[in-house]
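Here's a solo chain for you in structure tokens, the form predicted alone.
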Amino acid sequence: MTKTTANPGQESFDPSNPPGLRTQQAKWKLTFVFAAVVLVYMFTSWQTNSSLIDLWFGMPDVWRMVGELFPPNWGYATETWGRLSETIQMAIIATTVAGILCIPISLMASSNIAPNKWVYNITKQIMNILRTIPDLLLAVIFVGIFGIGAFSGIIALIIFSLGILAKLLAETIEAIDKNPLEAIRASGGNTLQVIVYGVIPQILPQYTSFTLYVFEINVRASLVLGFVGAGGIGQLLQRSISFFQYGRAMIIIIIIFVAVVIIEYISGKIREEIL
């Protein structure tokens, strides 16, 4: 059966599939998807023995805890500066080391720079493995190896940052203009000269931006790592909550919030100037 069209500007009309039937089919599909989502939700709630009803019954405890967070214990603020400084220093060290290590790794993971397919594929797989391990799990592992303290958190953040930075940088390198690279090679330049004079000038703004972005992530991640003993102000927050000192916990939360906002603002301004 042929389709008929009133004029070129109008939608074609298929007698076997009129607009009304298509609308009805779309409704049935939407209903089917909705029913499938509801069934999956009910099954997973039954399997995990948890649902939104539990949240409703837990609301009185939530409001009680929120009430105990106020007023914040402002006098405790002076004792948190040292730990906040440690948190930022952890992020600085981890970002710096990861920023240096990611350069050779990203070059080997770039199809237009890697010396051969073996190096390219192996490096890609290593990067995939690094990204699949959560930073919290890394912190637990390194606290078990090196003990409680900032060093375990720094090592965890280095590996966590390396996976992110190397992937972002490798994709940037693969997207650069190839003409300068071919010109350097045609004039007898070796691989190092291609990287120094052809690759780095093209990726430098993005590299700086990615590094600042990862630094922001590391500041926030280092707060969480403190809950497993990996140093930083997160340890103070975990201790305050464990001992039901909610006034202290609230002042720590406020300080963390202000610090993260300031860091993100400064980092954002720097990235705007670079890009």
Partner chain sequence: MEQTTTLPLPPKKKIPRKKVIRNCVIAAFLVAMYAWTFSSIGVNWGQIVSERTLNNMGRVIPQLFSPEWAVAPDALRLMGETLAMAYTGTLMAALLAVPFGFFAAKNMVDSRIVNTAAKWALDGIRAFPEIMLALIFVAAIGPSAFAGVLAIAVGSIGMLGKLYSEVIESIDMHVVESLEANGANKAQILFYGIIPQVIPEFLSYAIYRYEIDVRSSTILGLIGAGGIGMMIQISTMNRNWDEVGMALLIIIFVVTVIDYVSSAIRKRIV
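None of the values given here were measured: they were computed from a predicted structure. Numbering follows the first chain given and starts at 1. Here, rigid core means the biggest group of C-alpha atoms that superpose within 1.5 Å across both forms.
The form predicted together with the partner chain is left out here; the points below concern that form.
The candidate stretches are 172-180, 201-209, 83-91, 185-193, and the one lying within 4.5 Å of the partner chain in the predicted bound form by heavy atoms is 83-91. Highlighted residues Lys27, Leu157 and Ile217: none comes within 4.5 Å of the partner chain in the predicted bound form, counting any heavy atom.
Interface residue among Ile133, Ala77, Ile103, Val119 relative to the partner chain in the predicted bound form, by the heavy atom within 4.5 Å criterion: Ile133.
Remark: Thr48 counts among the residues lining the partner chain in the predicted bound form, judged by a heavy atom distance of 4.5 Å or less. When contacts are judged by a 4.5 Å heavy atom cut-off, Ile113 does not count as touching the partner chain in the predicted bound form. Among heavy atoms of Tyr265, none comes within 4.5 Å of the partner chain in the predicted bound form. Residue contact with the partner chain in the predicted bound form: Tyr41 places a heavy atom within 4.5 Å of it.
Of all the residues from 121-159, those having a non-hydrogen atom no more than 4.5 Å from the partner chain in the predicted bound form are Ile129, Arg131, Thr132, Ile133, Pro134, Asp135, Leu136, Leu137, Val140, Ile141, Gly144, Ile145, Phe146, Gly147, Ile148, Ala150, Phe151, Ile154. In the core-superposed comparison between this form and the one not shown, the C-alpha atom of Met59 has shifted by less than 2 angstroms. In the predicted bound form, the Cα-Cα separation between Leu136 and Leu52 grows by 3 Å or more relative to the displayed conformation.
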